[in-house]
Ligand code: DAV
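Single chain ahead, by itself, as structure tokens, in the form predicted alone.
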């Protein structure tokens, strides 16, 4: 395929590893505990967490947790800026208001912690994801000012079909699979759904996985919307509570694929037949005593590439840092455990806007 570049546009990113020039990083300002909703029992491990959200959802996170998470986030921003990356932030937005549609009502929104979930950037195109959590229905508003600015500077900007998120969207009386049972998710195929973080880029090829936020309809919609220039491949994963692909399946650089060995049982043939190195992420070292409310300890592999070598990784994950060095990368450690407590990893907390590179095929 012919190489393509869009250097004239401020928005231009085709993969996860070209030299990073501009990025959006989330904010802890105004962050709320997500209110309980039906989809959460498919994404969150254990009834203790369910009880926490049922009791505390819609309230602010404890101030000490917000302050600790904020310090981590500012350290991340400082590293990015020190490495020459322009950092943008979302507009403060009041997520505390209840809202309703003709299909559902919810007591509040959540936060602007994780822009990767909301905006999918492919080349010069910004796609606002439909979002499968009712509490995240209006989260895109925190990024509207930036999207308008990027549009006026040459970017294309669309929104996926706004979902209804009524009863027909979710499997009635859903029970998450236990270990050894076939993979299943809470979403029906009633309407197209995906979070932007259910997709990861690799030039002309994008990879997506069904989850508690992404269904087959959503993958089909994205594949057709992006057109013949791109191919969207579905990755088969095994996760009893699946949510997003970037702590499971992550092309780090040309020829190097990082996988979660517990969730990826069969690497897609396209990687094997093209000689990619399959790198198994070592088990996370986060202690069981560390509180986690939104994700598992495998968030350790949720890193951000600054280029094909430099990679920002959680400072405490010594085993992964050593593995990355052995694989030829240059890890840049950053404290992030406290942000992971209420949010996600580095990849979740940011979204690439511009990487210096061309559209090409790696297969």
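Positions refer to the first chain, counted from 1. Note that the structure is a prediction, hence the values are computed from the model and not measured.
There is another form of this protein, the form predicted in complex with the ligand, and it is not shown here; the text below is about that form.
Visitor: May I ask whether 132, 185 and 193 all come within 4.5 angstroms of the ligand in the predicted complex, judged by heavy atoms?
Guide: No, because 132, 185 and 193 lack any heavy atom that approaches the ligand to within 4.5 Å in the predicted complex.
Visitor: For residue 246, is any heavy atom within 4.5 Å of the ligand in the predicted complex, or not?
Guide: Yes, contact at 4.5 Å.
Visitor: Answer yes if any heavy atom of residue 321 is within 4.5 Å of a heavy atom of the ligand in the predicted complex; otherwise answer no.
Guide: Output for residue 321 is no: heavy atoms all beyond 4.5 Å of the ligand.
Visitor: Can you tell me whether residue 201 touches the ligand? I mean in the predicted complex, with a 4.5 angstroms heavy atom cut-off.
Guide: Contact check for residue 201: no, nothing within 4.5 Å of the ligand in the predicted complex.
Visitor: Using a 4.5 angstroms cut-off on non-hydrogen atoms, would residue 56 count as touching the ligand in the predicted complex?
Guide: Result no; residue 56 lies far from the ligand in the predicted complex.
Visitor: 197, 258, 214, 113: which sits within 4.5 Å of the ligand in the predicted complex by any heavy atom?
Guide: That would be 197.
Visitor: May I ask you to choose, among 25, 353, 348, 342, the residue with a heavy atom within 4.5 Å of the ligand in the predicted complex?
Guide: That would be 348.
Visitor: Quick one: which of 333-341, 47-55, 60-68, 298-306 gets within 4.5 Å of the ligand in the predicted complex, going by heavy atoms?
Guide: Result for this chain: 298-306.
Visitor: Given a 4.5 Å distance limit between heavy atoms, list every residue of 262-283 close to the ligand in the predicted complex, or none if there are none.
Guide: Only a single residue, 263, comes within 4.5 Å of the partner.
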